[in-house]
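Listed next as structure tokens is one chain, alone, in the form predicted alone.
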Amino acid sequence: MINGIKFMIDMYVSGIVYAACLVFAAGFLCKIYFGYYKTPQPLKIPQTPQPTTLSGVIMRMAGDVLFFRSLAKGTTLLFIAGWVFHFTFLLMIIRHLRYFVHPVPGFLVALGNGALAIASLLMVALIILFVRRFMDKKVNYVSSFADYFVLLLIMGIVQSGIMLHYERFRPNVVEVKAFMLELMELKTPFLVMIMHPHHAPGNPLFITHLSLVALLLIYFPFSKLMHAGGYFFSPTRNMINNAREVRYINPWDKG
């Protein structure tokens, strides 16, 4: 009975990781290629004032991506909360690379020392963004269930991750890393397919945390989160404002 439960846990954990990564990668690439790249742009529609050179467009987009320049034109609270959320979320992703590399680089070790503070700051930013959707009447009016769902999902990931930091809930870190490294081996997916998965950590909170992360990866390509990749294909942002110097040909008129 116990061995059967352990087997089902091992199969579930391994399967959900591979399924999530497959759906995320395939969905993301398909959305980028078929949804953004292959969509014709019949008009020259850069958002003015737009730079008149390619280097200027790159600098402008870099300012939007790195410093959220467009958000700075809105409310100060939204700008700060949005920037802190994205920055700390990126730091947490980088920090988790320690479970996938061996030996662990020194900067990842240093980043891990401040992981709890970073995660707490991330949670505060999420709470602000969530409450704002309720309190701001205009934002609340245009918000859908999906907007609240993704915030609650990320909050669940962050909260479960914070709880894993404490001794009462902490899994065996060595066991977790060994399992992650085993999942990266080329033979492991085939072992899972023939019902011979590697032993997964049995910590319930760790499994919950991993399941929520997998759910986020699966949901990502079908949600508004795709702005992470779609931004770079937005014609209002990536077009050069040179309509007077260079004739723009409608893609539908070619050939």
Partner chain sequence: MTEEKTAAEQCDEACEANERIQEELKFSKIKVKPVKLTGEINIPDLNPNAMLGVKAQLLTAKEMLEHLGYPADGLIPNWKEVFLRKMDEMLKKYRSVKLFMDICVKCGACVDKCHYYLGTGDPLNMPVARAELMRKVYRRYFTLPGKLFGSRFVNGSDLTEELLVTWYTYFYQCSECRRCSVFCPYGIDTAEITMAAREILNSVGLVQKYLHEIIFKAQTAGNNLGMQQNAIINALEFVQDDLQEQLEMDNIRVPIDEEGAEVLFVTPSADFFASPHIESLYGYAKVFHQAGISWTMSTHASEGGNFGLFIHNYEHMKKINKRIWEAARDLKVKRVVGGECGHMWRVLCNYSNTMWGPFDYLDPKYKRPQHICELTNDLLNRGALKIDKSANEEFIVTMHDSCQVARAMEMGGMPNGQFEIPRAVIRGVCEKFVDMPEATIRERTFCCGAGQGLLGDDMMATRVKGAMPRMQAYHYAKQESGVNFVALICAICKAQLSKMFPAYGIAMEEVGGIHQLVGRAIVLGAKESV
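Predicted, not measured: the structure shown is a model, and the values here were computed from it. Numbering follows the first chain given and starts at 1.
Not pictured, yet referred to below: the form predicted together with the partner chain.
- Only one of Leu116, Ile80, Met163, Val139 lies close to the partner chain in the predicted bound form, with a heavy atom inside 4.5 Å, and it is Val139.
- Contact annotation: of the candidates Asn203, Thr188, Ser211, Gln50, the single residue with a non-hydrogen atom within 4.5 angstroms of the partner chain in the predicted bound form is Gln50.
- Only one segment in the set 175 to 183, 129 to 137, 116 to 124, 102 to 110 has any non-hydrogen atom within 4.5 angstroms of the partner chain in the predicted bound form, and it is 129 to 137.
- Proximity of Ser14 to the partner chain in the predicted bound form: non-hydrogen atoms within 4.5 Å are absent; the residue sits far from the partner.
- For Ser55, no non-hydrogen atom is located within 4.5 Å of the partner chain in the predicted bound form, even though that partner is not displayed.
- Not displayed here, the partner chain is approached by Leu43 to within 4.5 Å at the level of heavy atoms in the predicted bound form.
- Among heavy atoms of His198, none comes within 4.5 Å of the partner chain in the predicted bound form.
- Taken together, the three residues Gly35, Phe233 and Arg244 all lie with some non-hydrogen atom within 4.5 angstroms of the partner chain in the predicted bound form.
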